[in-house]
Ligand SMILES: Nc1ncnc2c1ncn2[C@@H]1O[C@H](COP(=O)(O)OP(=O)(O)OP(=O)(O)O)[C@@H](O)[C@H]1O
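The chain below stands alone and is given as structure tokens, in the form predicted alone.
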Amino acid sequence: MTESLLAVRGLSKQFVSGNETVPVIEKLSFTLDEGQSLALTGRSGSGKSTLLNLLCGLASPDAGTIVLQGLVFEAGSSGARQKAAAWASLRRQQIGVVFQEANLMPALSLLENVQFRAQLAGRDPSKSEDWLARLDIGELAGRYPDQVSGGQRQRAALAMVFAMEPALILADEPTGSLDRHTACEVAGVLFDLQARHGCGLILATHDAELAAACQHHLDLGHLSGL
């Protein structure tokens, strides 16, 4: 039996608001295998972005365990500095994150953004132009982020993620700021390349159609303590 790409066990996270402790995620458990996609749904505040931050090490859980590619991260365990370094390495090499707003460096061209991300992950930057071409913006490679549309910037952000050849993609409302037509195109490219390259995908979204395109579904609004 092969080990899951990602295993979450008993994960909990709470925040303090004034004098009140607010549970956002409570005793959450699930697994994700290579090549599988999972939609995270639920109203605003139900913990979708919080869960993504936990899964890429940008936030620490109050309880529970995350196992990613065999690396075990357990809440409350010792070695905080070592854990932080391990998470940073995973984000650099194995976890691709797609935000609602394309996270591009404005001083670099689209091609240079993709090349930089590939090099940071230890991948071949010579494939960067091909990734832009696959996402139908190859002719814009030399332009800067402020010289292209929002949809084109989001395609470039996807090119950056795929250029690093990640094991897992975490996408936080990746089409939320796009018009319907562009959103459908960008989502189609994301699912096509994710399936073709066999990486895992966890997608936080309010879009029912986008959620339905995933193989699995987790409604955090239903599970949330809010």
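Remember, it's a predicted structure, so these values are computed and weren't measured experimentally. One-based numbering along the sequence shown.
Here the subject shifts to the form predicted in complex with this ligand, a form of this protein not shown in this document.
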For this session: Consider G47 of the chain shown here, and say whether it contacts this ligand in the predicted complex, taking contact as heavy atoms within 4.5 Å.
Result: yes
For this session: Using the partner position in the predicted complex, report whether V24 sits within 4.5 Å of this ligand, counting heavy atoms only.
Result: yes
Exercise. For H206, is any heavy atom within 4.5 Å of this ligand in the predicted complex, or not?
Worked result: yes
Exercise. Though only this chain appears here, would R43 touch this ligand in the predicted complex if you measure heavy atom gaps against 4.5 Å?
Worked result: yes
Exercise. Taking this ligand in the predicted complex as the reference, which of E185, E165, E173, D62 has a non-hydrogen atom within 4.5 Å?
Worked result: E173
Seminar exercise, completed: Counting only non-hydrogen atoms, the one stretch of 156-164, 48-56, 194-202, 174-182 within 4.5 angstroms of this ligand in the predicted complex is 48-56
Exercise. What residues, if any, in 132-151 have a non-hydrogen atom within 4.5 angstroms of this ligand in the predicted complex?
Worked result: none
